[in-house]
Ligand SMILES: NC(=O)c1ccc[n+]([C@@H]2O[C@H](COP(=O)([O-])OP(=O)(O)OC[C@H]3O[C@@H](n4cnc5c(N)ncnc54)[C@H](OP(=O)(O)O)[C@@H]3O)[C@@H](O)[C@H]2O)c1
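Presented as structure tokens, the chain that follows is alone, the form predicted alone.
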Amino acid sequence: MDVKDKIVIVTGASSGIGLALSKMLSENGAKVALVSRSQEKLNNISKNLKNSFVVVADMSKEDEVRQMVKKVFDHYGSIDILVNNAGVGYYASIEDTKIENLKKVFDLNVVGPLVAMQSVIPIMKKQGGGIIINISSGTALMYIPNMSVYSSSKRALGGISLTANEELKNHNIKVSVVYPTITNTNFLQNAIKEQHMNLSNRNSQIPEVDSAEYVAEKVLYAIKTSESEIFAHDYMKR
């Protein structure tokens, strides 16, 4: 799908991949609904993005997700593309995993995107089609110590995405899942961490870290091609 003049929701738009993608979409002529919890950050971003619209919402809260979609639809009159990008990391061993933190991760990484999908699908059906992009993680393809909860949440999101793609194909609604690898964002700083997790040098040990703009390009490619799975790098397919 060509994004020019299309209405796009981007969650987690105040920083990282979401911010880079919002800028890229605006530069390509899209009308972007900027969604995050930070009113001030979104307002400052919106000043420089033509035809953008700010919606403050906590994507871990079901009612706020539904209200967010309604506000975007009421403002623009349609929704062509949904990008579920908001998420949170969690570092903990299986032994130290706290169930309340597991629930927080799944509320934001799985339930929020699912509720957003459920909210836009009827709109897209009436319009004759649409695109949904869910941002997963390369960790969903691996088994990394201390990342079981985060990676399993992203596996769940991938499973929902690919199943939805099958369910909705007769309605011309395409659902894609994007798998980034380590990306230069505030992910590490914002992640939930249990005690004894020393992650200060984690990124310095990784030989290649992608920019947020690089991943945003992959998301834009997913929108344009409607491929069901997009990997940040070809080696991840193995």
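Heads up: residue numbers just count along the shown sequence, starting at 1. Everything numeric in this text was worked out from a predicted model, so none of it was measured.
Form predicted together with this ligand: not shown, discussed below.
K.L.:
Using 4.5 Å between non-hydrogen atoms, is N190 touching this ligand in the model of the complex?
P.N.:
Within the cut-off, so yes.
K.L.:
Does this ligand come within 4.5 Å of any heavy atom of S176 in the model of the complex?
P.N.:
Judged by the heavy-atom cut-off of 4.5 Å, S176 is well away from this ligand in the model of the complex.
K.L.:
May I ask you to state whether Q195 is within 4.5 Å of this ligand in the model of the complex, using heavy atom distances?
P.N.:
Looking in the model of the complex, residue contacts with this ligand do not include Q195, since no heavy atom lies within 4.5 Å.
K.L.:
Can you tell me whether L82 touches this ligand? I mean in the model of the complex, with a 4.5 angstroms heavy atom cut-off.
P.N.:
L82 lies outside the contact set for this ligand.
K.L.:
For the interface check, one of 119-127, 73-81, 148-156, 94-102 should have non-hydrogen atoms within 4.5 Å of this ligand in the model of the complex; which one?
P.N.:
It is 148-156 that comes within 4.5 Å of the partner.
K.L.:
In the model of the complex, which residues of 151-190 put a heavy atom within 4.5 Å of this ligand?
P.N.:
Contacting residues: K154, P180, T181, I182, T183, T185, N186, F187, N190.
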